[in-house]
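The form predicted on its own is given below as one chain in C-alpha cells.
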Amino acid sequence: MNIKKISLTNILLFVFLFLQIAFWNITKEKKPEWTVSPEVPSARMVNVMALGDNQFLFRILCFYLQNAGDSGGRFSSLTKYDYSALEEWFYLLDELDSKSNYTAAMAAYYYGVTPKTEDVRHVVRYLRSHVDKNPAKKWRWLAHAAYLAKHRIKDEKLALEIAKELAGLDVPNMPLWTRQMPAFILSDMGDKEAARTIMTVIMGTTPDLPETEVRFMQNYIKHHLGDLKQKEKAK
C-alpha cells in the first residue's frame, strides 16, 4: 500500500514537473507589457485611492510617477513617454498638494531634460500654471520655465513672454535679476534698444539700488547693448 502511494506521488511529481517545464518553454520568450506613461486616474478613482488622506496618496503617486517606465528590470528613454499624459499627471498632483515643490522639481529637472525638445513645452506650460497658485513662493519656477523655453525649446519669443510674466509679478523682495531677465533675452534676440530701455528704467525707478547693481547694469549697457551716447554722436 505504501509502495503504491509513493509511486502515485512520484507520478504526480513528474507530471507537474513536465507541465512546469512545458509552460516555461512556451512562455520564455514572452515579456509582460509595461505601460511607459500610466493612465491618469479619474477624480472618482482618486477619491477612492486617497481613503481620506490626500497627503499619503500624493506621496505614493509622486513616487509612482517618478519611476513610471522604469520597472520590471527595464529602463525607458524619456523620448518614449507621452508628455501630454505626464502634464495631466502634474496637474493631478497639484490638486492633491499645490504647496509642495516636489512635482515641479520632478517636471523641471527630470522630465524636462528629454531629448525631444517639443515635449518640453508640456513641462513649461505646467510650470507656469504651478506658479499661478502662489506666485510669492513659486516665482522661481517661472525663471526655470523661461530657461527651458530659451535653451531647450529654442523658442525665444516664448522665453521672453515668460520672462515678462516673471518681471511683472507683484511680489516684494524678488531678486533684481527677475526684472532684468527680459532685457537679457531681448539682447540675445537682437533688440538692443528695448533691452537698454528696460535697464535704464530699472536704474531710474528702483530706490536704494546697490552700487554694485548700478555698475553691473552700466557695464552691461556699455559692453552688451552699446553706448547710447556714442551712437547718437555717430549719427
Partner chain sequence: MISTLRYVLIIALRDKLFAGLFVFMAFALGASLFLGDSAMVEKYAASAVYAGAVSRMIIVFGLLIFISFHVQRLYDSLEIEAILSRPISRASFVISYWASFSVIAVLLAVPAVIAVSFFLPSFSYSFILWGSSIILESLIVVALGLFCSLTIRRAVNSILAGIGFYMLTRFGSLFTSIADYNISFDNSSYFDVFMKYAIEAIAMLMPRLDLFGQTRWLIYGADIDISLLVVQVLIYVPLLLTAAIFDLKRKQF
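Numbering follows the first chain given and starts at 1. Not measured: the values here are computed from a predicted model.
Keep in mind that the form predicted together with its partner chain is not shown, yet the notes after this line are about it.
**Q** Quick one: which of 205-213, 162-170, 190-198, 61-69 gets within 4.5 Å of its partner chain in the model of the complex, going by heavy atoms?
**A** Looking at the partner contacts, the answer comes out as 61-69.
**Q** So its partner chain isn't shown here. In the model of the complex, which residue out of Lys80, Lys116, Lys99, Lys157 has a non-hydrogen atom within 4.5 Å of it?
**A** Residue within 4.5 Å of the partner: Lys99.
**Q** Using heavy atoms and a 4.5 Å limit, would one call Ala136 a contact residue for its partner chain in the model of the complex?
**A** Contact with its partner chain, no.
**Q** Decide whether Val48 counts as a contact residue for its partner chain in the model of the complex under a heavy atom distance cut-off of 4.5 Å.
**A** Answer yes; at least one heavy atom of Val48 falls within 4.5 Å of its partner chain in the model of the complex.
**Q** Would Gln55 show up as a contact with its partner chain in the model of the complex if we use heavy atoms at 4.5 Å?
**A** Gln55: yes, in contact with its partner chain in the model of the complex.
**Q** Met106 versus its partner chain, in the model of the complex: is there a non-hydrogen atom within 4.5 Å?
**A** Judged by the heavy-atom cut-off of 4.5 Å, Met106 is in contact with its partner chain in the model of the complex.
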